[in-house]
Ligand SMILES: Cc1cc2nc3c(=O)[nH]c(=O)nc-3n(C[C@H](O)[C@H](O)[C@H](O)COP(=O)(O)O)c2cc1C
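Next up: just one chain, as structure tokens, the form predicted alone.
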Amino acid sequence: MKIIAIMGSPKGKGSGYKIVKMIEDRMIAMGSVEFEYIFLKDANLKPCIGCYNCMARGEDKCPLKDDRAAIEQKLLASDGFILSSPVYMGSVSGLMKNFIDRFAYLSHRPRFHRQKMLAVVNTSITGKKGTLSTLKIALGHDRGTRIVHELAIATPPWSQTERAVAEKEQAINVAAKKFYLSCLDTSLPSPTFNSYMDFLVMQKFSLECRQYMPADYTFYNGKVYYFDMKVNPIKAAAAKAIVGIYIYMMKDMGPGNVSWPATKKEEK
């Protein structure tokens, strides 16, 4: 079993690393597991400039030449990965946010269908909920990676009670076991009704916006689902009917003929 741990702390081997290392030790005790750590503070991952090329034209059109593609290949070759971040003002660290931004195209064109993800957050006291919410949308959200567990551990800068320590140890035990068992299952998930509707919506918008989002159109054109999988015909018919209504109601989100905001030339 191969696990990639993406470490979002600028400290490197701080509290988050210690927690993930505890998870590693417990998983190794369960079976054959290989961990690889990617410390974002040392990774060659340039700040996203928001050019939208990866979303519209394809990630290969990103003007930033660094290790993003190599990191993606490591993730694809793994059985699961851990995203670890400290809480910074109620959300993830800047390093982790940039990591999420650089892989934003996966929210449109997901690919980590086989891998499982464990979200790990450490904080002095508060901010766990917001940070976990941000981690959950990383790497394709529920269109790709299956998030099997969320672990939030408080690491205040003072000694703790025996009860508090025991609770943390138990939470880490539960996370390690659940993550380990989930990564043993390398099968592709069966489409749910909601996930199939989500696919149909994305496919329809890729067709409507093909002039502006050619990478999405190429990805969805001719597909039955995100990956090769049979879909129950009754489920498919019902989903298509509902999606047809949804698309009609959301028609103003698609391309039109009014340029906005207007350019200076148009304003004249």
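Computed from a predicted model, the values in this text were never measured in an experiment. Throughout, we count residues from 1 along the sequence that is shown.
Form predicted together with this ligand: not shown, discussed below.
Proximity to this ligand in the predicted bound form, taken as a non-hydrogen atom within 4.5 angstroms, holds for one residue of Leu76, Ile137, Met89, Val165, which is Met89.
Taking Asn98, Ser195, Ser182, Thr155 one by one, only a single residue has any non-hydrogen atom within 4.5 Å of this ligand in the predicted bound form, and it is Thr155. None of the heavy atoms of Lys21 is located within 4.5 Å of this ligand in the predicted bound form. With a 4.5 Å cutoff on heavy atoms, Lys11 counts as touching this ligand in the predicted bound form. With a 4.5 Å cutoff on heavy atoms, Asn122 counts as touching this ligand in the predicted bound form. Within 4.5 Å of any heavy atom of this ligand in the predicted bound form lies no heavy atom of Ser190.
Note that among 168-176, 103-111, 124-132, 182-190, the stretch whose heavy atoms approach this ligand to within 4.5 Å in the predicted bound form is 124-132.
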